[in-house]
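Coming up is one lone chain in structure tokens, specifically the form predicted alone.
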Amino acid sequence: MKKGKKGNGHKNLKKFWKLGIRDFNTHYFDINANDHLTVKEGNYQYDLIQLVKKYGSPTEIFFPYILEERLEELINLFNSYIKISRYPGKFFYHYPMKVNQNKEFILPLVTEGANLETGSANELRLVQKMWNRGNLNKKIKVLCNGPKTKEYLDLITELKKQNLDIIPIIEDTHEYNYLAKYRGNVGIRLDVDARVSSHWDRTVDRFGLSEQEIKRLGKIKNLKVLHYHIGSQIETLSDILKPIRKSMEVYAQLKKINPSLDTLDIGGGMPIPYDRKYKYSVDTLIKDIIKFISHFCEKNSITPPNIACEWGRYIVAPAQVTIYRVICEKEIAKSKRKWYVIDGSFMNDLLDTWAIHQKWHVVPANYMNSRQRVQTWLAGMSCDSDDKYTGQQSYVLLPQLPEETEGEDSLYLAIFDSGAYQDALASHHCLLSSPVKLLANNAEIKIIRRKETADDVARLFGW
């Protein structure tokens, strides 16, 4: 396999693979002298090929310092614009645990100042464990979203009695009636009358209550939070500001009869640039959010609310990369493209590929300087025709395979931004094993999930 020259070509190569670019969240990545993909932690760098050859493939590598850095930057941005604008409210970040429930993800976020948001009784059980062990600062705030069973509601009540600052968000009248006797603050979810361009663009939303339904409830005992969630991967700045405008109109009306109301939770939606830049930055968005709410409150003579957000994907997705080995290639009839067959499964390990047709940022982890490149479609190891990634009906440009596909000469692929949702949604189609999961931090590697054996997977199905 031919290789190009170093020097200026190195910069061009990084640009070609979209590395070292903050707008693509790839400023953590570089290419070393061996044409291997590296991840930078300060002045240290991890050679991903060395890791995958030591620990095997497929592998998921988690970098908690990336997670921590992104959360710190987000909190600092909000607090800076609050200070510059002399905004009287506070900012609270709530990590939605459904995005990634792995302990190794949640604990670093909590230690960096994240509050929590749960979507089920089982997630709240994890919070209960941390609270009972004394691991959570008494200042932490927990929002409880999602449809609530009696178990979920009873656990909320129990933790409130244990002095956890916990706020159930009312999703429907069933929950409203149950919480009528609840002796703590509550929130309510607004099914905001605004539709935007996002992964979750629905004509009918089954979550929350309409503006009219909330009005019919009248005064709501101990109402603290007005919450909405408009979508995921919201593509334009105007589509993020649109529901804020609608929700603030409802907030102003509710504030008149519910003086305890003091927080607007704008939910999630901040996008990850998996394969392309978005037309707005998080910096611009935060500045515009605070500016708009300030002007709205001044015009309507109300106290500006505290602002909460639940940008989970934005924080955690870039902190993990998934690596596969290409085990062989196959010709595609009447096409210039080729199948590259990997040693893992998209349907199992990166389910969003199939579920929501996610377009990933894929680069080679070695042979990055190769001038011989092929338009490929990637095929997973299950026997399902949907277990593939085609760049969503386009192609993935990758180096031509070396003559040998074993050991030192194998081609490895890195798929960025795999830290959000994929673990919780992972499956075992065809009884395939989950990848080994590594934690890379402070120049050390820790195995946090070994690759499953055939017996491990069989036991999941009663064998």
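Since this is a predicted model, take the numbers as computed values, not measurements. Residue numbers here begin at 1 and follow the sequence given.
What comes next is about the form predicted in complex with a small molecule, which does not appear here.
Exercise for review: Would you mind picking out the stretch of 106 to 114, 239 to 247, 90 to 98, 129 to 137 that comes within 4.5 angstroms of the small molecule in the predicted bound form, counting non-hydrogen atoms?
Suggested key: Of the options, only 90 to 98 has residues within 4.5 Å of the partner.
Exercise for review: Taking 4.5 Å between heavy atoms as the contact cutoff, choose which of 268, 318, 305, 344 touches the small molecule in the predicted bound form.
Suggested key: By the 4.5 Å criterion, the partner-contacting residue is 268.
Review point. Considering 389, 367, 251, 311, which brings a non-hydrogen atom within 4.5 Å of the small molecule in the predicted bound form?
Key: It is 311 that has a heavy atom within 4.5 Å of the partner.
Check your understanding: Should residue 232 be classed as touching the small molecule in the predicted bound form when contacts are defined as heavy atoms within 4.5 Å?
Key -> It does: once the small molecule is placed as it appears in the predicted bound form, residue 232 has a heavy atom within 4.5 Å of it.
Check your understanding: Can residue 227 be called a contact residue for the small molecule in the predicted bound form at 4.5 Å between heavy atoms?
Key -> It does: once the small molecule is placed as it appears in the predicted bound form, residue 227 has a heavy atom within 4.5 Å of it.
Practice item. Would you please decide whether residue 63 lies within 4.5 angstroms of the small molecule in the predicted bound form, comparing each non-hydrogen atom pair? Key: Outside the cut-off, so no.
Review point. With the partner left out of view, is residue 421 within 4.5 angstroms of the small molecule in the predicted bound form by any non-hydrogen atom?
Key: Looking in the predicted bound form, residue contacts with the small molecule include residue 421, since a heavy atom lies within 4.5 Å.
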